[in-house]
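Given as structure tokens, the chain that follows is alone and in the form predicted on its own.
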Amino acid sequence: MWEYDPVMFSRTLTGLTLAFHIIYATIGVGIPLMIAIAQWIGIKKNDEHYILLARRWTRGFVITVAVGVVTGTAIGLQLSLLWPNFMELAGHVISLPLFMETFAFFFEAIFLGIYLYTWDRFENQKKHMLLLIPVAIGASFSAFFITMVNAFMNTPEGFDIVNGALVNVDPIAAMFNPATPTKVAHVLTTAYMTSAFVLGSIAAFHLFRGRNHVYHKKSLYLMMKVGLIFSIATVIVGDFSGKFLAEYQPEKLAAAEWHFETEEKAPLMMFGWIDDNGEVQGAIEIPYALSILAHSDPTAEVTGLNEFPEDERPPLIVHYFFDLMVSIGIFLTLISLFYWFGIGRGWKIVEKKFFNFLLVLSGPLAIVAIEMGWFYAEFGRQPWILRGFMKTPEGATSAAYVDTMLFLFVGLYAVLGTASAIVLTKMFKNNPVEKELEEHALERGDR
């Protein structure tokens, strides 16, 4: 007989909300920077194509912000309703970064509205672009503050615990805990990278469909270049993240690599499976790589998962999340590098339809990599909701309504996802690039 489990439903609903929200949140953080880059190039080169890129991307960005507001509000609501014991324990510690995140969002939204509705009010485009700086700063700081909360859940610091309560809270120490630098850097670089590849894949799709307008070619080249820069930055930050995990969350790193026994010269294991005897089979083994990732030393000792109590080990499925994230990141770096190098050298292969199709895939794959990264981050922290202090079941509600909430939110996300896709599609389909360029040319002629 089926048994109602509020912890399972709470985990499922929170995971679903985060998985849906992170798509819009990632784009919301990264797109303002892409808009700023395009508009700056357009002003510098006096190129109408780049100016139009900024205008069209801004319209689409507004839709994603609107959906992100709804899903972000849902996360705040669910923290209180689904995880009341966690909020009772740590709510007063994480309240400051949560407030700062809200402030950063309103700061962004105010200037976004002004920026959006003053396109044709400035004769000097440089002055108009100044309005975009607070938008980009607000978006990035919004991610900065909310990531601090997640970092605190992984390495909680800045308080004393007395009789099961967190007291003598130092909010600055709690916010700038050991996980904050690598987590914030990773979130920001991957958001910029993902946004670049999403916009690049849209341009590649138009070229794949035979719409060879120079507007799409400029968009693709610009976004592949930006995507390459931030994919390399992500690799560098990922290396620092590996060293952070080795020092502060060694069980999470060991689970990601199916590294069970503590040993020197540890290899890195990619994919594979575990047989009935607990042995890893079919994995791609890279000698010394895990020791290098963990300690920058090919002979260094890496702590194995068997060193930790069984009830404090992350689920082994995180291995696949980690491998997919890394594999997609490598693919995106290589394909953008090949494209950039190929364009510079005049290689015909980068204009072939097959290669163009690979570029179309770069955007969806970047989104998948973001999802895998967050799956790894959250599953890899288990069984803790606040590492070392509270396990996930202890933080959850025991209420009887969570299953109903799950079904209602599934319906809400289905409506939001479908509606945003329809609106974005119709918005750009009814206003093709050629039509807008012609209208702007006529406007300049009238002036």
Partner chain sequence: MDLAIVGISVLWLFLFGYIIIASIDFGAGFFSAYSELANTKHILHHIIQRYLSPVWEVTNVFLVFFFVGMVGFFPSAAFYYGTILLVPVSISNVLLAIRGSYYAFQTYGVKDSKIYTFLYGVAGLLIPASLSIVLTISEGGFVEMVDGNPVLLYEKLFFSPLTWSIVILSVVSVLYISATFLTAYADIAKDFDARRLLRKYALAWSGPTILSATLIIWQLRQHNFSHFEKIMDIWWIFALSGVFFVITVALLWMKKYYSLAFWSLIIQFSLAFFGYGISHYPYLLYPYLTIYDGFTNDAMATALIIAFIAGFALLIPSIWLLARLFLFNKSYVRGEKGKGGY
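Positions refer to the first chain, counted from 1. Predicted model, so just to flag it, every value in this text is computed and none were measured.
What comes next is about the form predicted together with the partner chain, which is not displayed.
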Exactly one stretch in 414-422, 29-37, 43-51, 380-388 has heavy atoms within 4.5 Å of the partner chain in the model of the complex; which is it?
414-422
Is there any non-hydrogen atom of Lys426 lying within 4.5 Å of the partner chain in the model of the complex?
yes
Does the partner chain get within 4.5 angstroms of any non-hydrogen atom of Val368 in the model of the complex?
no
Taking any heavy atom pair closer than or equal to 4.5 Å as contact, tell me whether Val93 reaches the partner chain in the model of the complex.
yes
Please determine whether Asn277 contacts the partner chain in the model of the complex, using a 4.5 Å cut-off between heavy atoms.
no
Val235, Ile343, Ile229, Ile114 - the one with a heavy atom within 4.5 Å of the partner chain in the model of the complex:
Ile114
Within 4.5 Å, heavy atoms only, which of Leu98, Ile330, Ile317, Ile161 is in contact with the partner chain in the model of the complex?
Leu98
Would all three of Ile63, Pro84 and Ile110 be in contact with the partner chain in the model of the complex, where contact means some heavy atom lies within 4.5 Å?
yes
Sequence-ordered residues of 57-85 touching the partner chain in the model of the complex, heavy atom within 4.5 Å:
Arg59, Val62, Ile63, Val65, Ala66, Val67, Val69, Val70, Thr73, Ala74, Gly76, Leu77, Ser80, Leu81, Leu82, Pro84, Asn85
